[in-house]
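As a starting point, one isolated chain is supplied in structure tokens, in the form predicted on its own.
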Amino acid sequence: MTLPTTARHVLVTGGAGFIGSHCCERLLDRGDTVTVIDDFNDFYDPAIKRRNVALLVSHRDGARRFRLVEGDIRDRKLLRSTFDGARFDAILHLAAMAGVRPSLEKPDLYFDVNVVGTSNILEEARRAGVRTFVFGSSSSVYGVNESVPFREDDPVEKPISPYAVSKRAGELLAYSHHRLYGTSCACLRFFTVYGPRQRPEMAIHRFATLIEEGRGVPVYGDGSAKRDFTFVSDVVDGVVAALEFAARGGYRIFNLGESRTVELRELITLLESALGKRAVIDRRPDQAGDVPITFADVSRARAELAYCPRVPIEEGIRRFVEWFRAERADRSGAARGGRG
């Protein structure tokens, strides 16, 4: 799949992160030029993001077609110099403070980064004449949605976390820029993305670590909560298609999920099987901000983006565990080498 010739230099905010680094890798594979803005904050170990960037730098043509700008999307001076220093054809905006539960503790930070930062990117894009914008949103905007599976035209006026509010605000900012300034936008509601390089605090990665180390796996409620888990390569397919869609003009919201639900207890069983170890379950009460189910209707993405998720959860968990164990072995070896 290739972008139109008018969209060859892509600015990726948050490109050192989990989803972002996979997207950058795909864009480089296609021959695109990629500039990444990332602030390497300490929400999780910045060394993980540094390793992601090292993979991009070492790409077969990374030295010529990859550039890293280290800084914060709230820094207008940095953004101005970045936009003035290059001609971007498209923007993939993934930079954000992530996670529902942490947003309950620091709502001001989430609004500052996710809302003000998004506004800054859109404003600089408008000033620089960049008209193709893809925004990484979240299934969290649906809140406690009684209609399943979730459709893009479902009401989303009742988000239940600051994170969800901030992502919905980003969608609305994109829409206002589309109506006022002609920016072409695709907003992507990601459904629980997982796979190699997944952030360590996310459920699958965290649970795998706890099971591997024989520590208790926290299960909130009775374990019947359901999530639509989406393998990262499927999400990247959708992102690339959305860049093409946005290059053609318009405004659209798309769900990107596997369109299948998996109970938390089933997920743990799959991890146990892939790891060959039993989980120690640590029962806990329900968590504030959690929703009972996420479930994507992806018919719009299928019809308009030719989106077709190919990796079922059973295969995705197997691939994740393969990466997880290789990564742990590499770090262990590096640690031993350092001590030597």
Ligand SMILES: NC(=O)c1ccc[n+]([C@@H]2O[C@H](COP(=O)([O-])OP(=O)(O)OC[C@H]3O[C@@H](n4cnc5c(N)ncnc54)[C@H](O)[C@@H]3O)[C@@H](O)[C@H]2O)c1
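Here the structure is a predicted model, which is why all the values come from computation and not from measurement. When you see a residue number, it is the position in the sequence shown, counting from 1.
Not pictured, yet referred to below: the form predicted together with the ligand.
With the partner omitted from this view, the residue of A242, A164, V193, A90 that lies near the ligand in the model of the complex is V193 [heavy atom within 4.5 Å]. Just one of N41, S273, S58, S299 comes within 4.5 Å of the ligand in the model of the complex, counting any heavy atom, and that one is N41. Only one segment in the set 175-183, 125-133, 244-252, 93-101 has any non-hydrogen atom within 4.5 angstroms of the ligand in the model of the complex, and it is 93-101. Relative to the ligand in the model of the complex, residues C187, G238 and R310 are all farther than 4.5 Å at every heavy atom. Within this chain, C24 is remote from the site of the ligand in the model of the complex, having no heavy atom within 4.5 Å. Put simply, R74 is close to the ligand in the model of the complex: some heavy atom of it is within 4.5 Å. Contact annotation: L11 falls outside 4.5 Å of the ligand in the model of the complex, judged by heavy atom distances. In the model of the complex, none of the heavy atoms of I317 sits within 4.5 Å of a heavy atom of the ligand. Shown here without the ligand, the chain has no residue in 246-266 lying with a heavy atom within 4.5 Å of that partner in the model of the complex.
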